[in-house]
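One chain comes next, on its own, written out as structure tokens in the form predicted alone.
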Amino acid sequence: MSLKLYNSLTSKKEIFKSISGKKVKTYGCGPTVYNSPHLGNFRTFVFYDLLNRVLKMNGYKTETAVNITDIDDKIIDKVNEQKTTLKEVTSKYELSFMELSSSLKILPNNYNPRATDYVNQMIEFIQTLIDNDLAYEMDGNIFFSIEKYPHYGKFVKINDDLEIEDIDLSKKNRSDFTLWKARKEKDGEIFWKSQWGEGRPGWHTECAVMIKTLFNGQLDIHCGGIDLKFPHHENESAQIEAIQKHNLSNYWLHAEHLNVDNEKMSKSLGNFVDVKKLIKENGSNIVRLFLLSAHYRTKVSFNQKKIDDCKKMINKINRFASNIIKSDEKINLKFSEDHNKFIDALNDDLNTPEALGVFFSFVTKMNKKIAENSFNDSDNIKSFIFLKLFNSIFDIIDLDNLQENEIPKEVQDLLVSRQEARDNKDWKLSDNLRDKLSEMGWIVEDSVDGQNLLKKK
């Protein structure tokens, strides 16, 4: 199946076609570094990673950017609250974001641009909008005039019910948005000089200019959380598309919220889950699996039971993997029907729940063959291929610890005898054989799928 993605522009799945052959340029809106990101933030960031990995699985070479918003009202509030500097606040939480991203196996991006590094380009960009009669100045603030851009409203129908920003500022149209904010007393030393006076760029302009600078204003895919669809992505794209002859991005992908008690997880509501603490308590692989276990366009509620379910899933995978012997890398690794079903699920708008279902059905089938002692070399190679394929996307198992030696025949014989004892409900003999296997350095775990054999470490 060709890769299909749900495009927020058209509200339907579309076959993905890149602008330039096998090269794909993607941009995802990153963290505002005034505090450590919470679990809801990382649902979006892990979604970016999923997209990147699925593109690579399809043979694309990706060029990715996830920005760092280090100019923002919340950051200024934090600076004032802690009586510190902009750099001290932003560098601390940028480092936290990077460390947590690494812990959750998010592949490094080609770029993590900071807004503060592009202010000069933002000033030039805003002046271009003014020169083209798309923006105007009022009391030292610069606003984008939505009336001058007829295509405004690509994501939503513009009406009086929409959220309006900066309502305290004087502007010609209540829906016009801010490109440059004049310096206020609370800004302290956080300002830049421009031809309109001291101030700082607006959030929507930050992303627009970083995309224009890094990618010449043209992306294959732009990503973000669903809450960024409007006004951020609407305003971001309007600025660029008003002065260039092509779309900012051909595909717009948005991830749904992670909820707590049916409310969006957010710091402002105080209902957020600390990612670092959750990883410490459960392990990064379990947290990553939880974030990937639901479709990215589905709202998910966080609870401990779902984390516990992910622990069980990983334990099942590890038990299965412990029975697999590393195959020679030179083997002609061909995909079977099972592998192709897994790929097709991911190519169907990154359908991770379906992909997990395909993988676990395969594991159950192979575990049955292991229990029946009918698991052969071909099954082992097929399983090894699937583990590598699975891990290239989910990245939650340690392939380096797969067995390098075959299970001794004596152990295999005892395992078969124990299965026969279990079939005959001879529990005493079954227990004795398990103890014998334990003395030989092997652990046997019973499950609905049969016996799982693990080598003692």
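Rigid core: the largest C-alpha set superposing within 1.5 Å between the two forms. Quick note: we count residues from 1 along the sequence shown, nothing fancier. Remember, it's a predicted structure, so these values are computed and weren't measured experimentally.
The same protein has a further form, the form predicted in complex with the RNA, not shown here; the description that follows concerns it.
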* Heavy atom contact within 4.5 Å of the RNA in the predicted complex, the stretch among 116 to 124, 184 to 192, 221 to 229, 238 to 246 -> 221 to 229
* Pick from 109, 347, 383, 367: which has a non-hydrogen atom within 4.5 Å of the RNA in the predicted complex? -> 367
* To do: Would you kindly say which of 172, 299, 87, 280 lies with a heavy atom within 4.5 Å of the RNA in the predicted complex?
  => 299
* To do: Find out whether any non-hydrogen atom of residue 83 is located within 4.5 angstroms of the RNA in the predicted complex, and reply yes or no.
  => no
* Is residue 379 close enough to touch the RNA in the predicted complex, meaning at least one heavy atom pair within 4.5 Å? -> no
* Proximity of residue 14 to the RNA in the predicted complex, heavy atoms at 4.5 Å -> no
* Asked: Would residue 45 sit within 4.5 Å of the RNA in the predicted complex, counting heavy atoms only?
  -> yes
* Does any residue in 274 to 295 get within 4.5 Å of the RNA in the predicted complex, counting heavy atoms only, and if so which ones? -> 293, 294, 295
* Residue shift check between the shown form and the other one, rigid core fit, residue 419 Cα at least 2 Å -> yes
* Closer or farther apart in the predicted complex, the C-alpha atoms of residue 376 and residue 430, for a change of 3 Å or more? -> farther
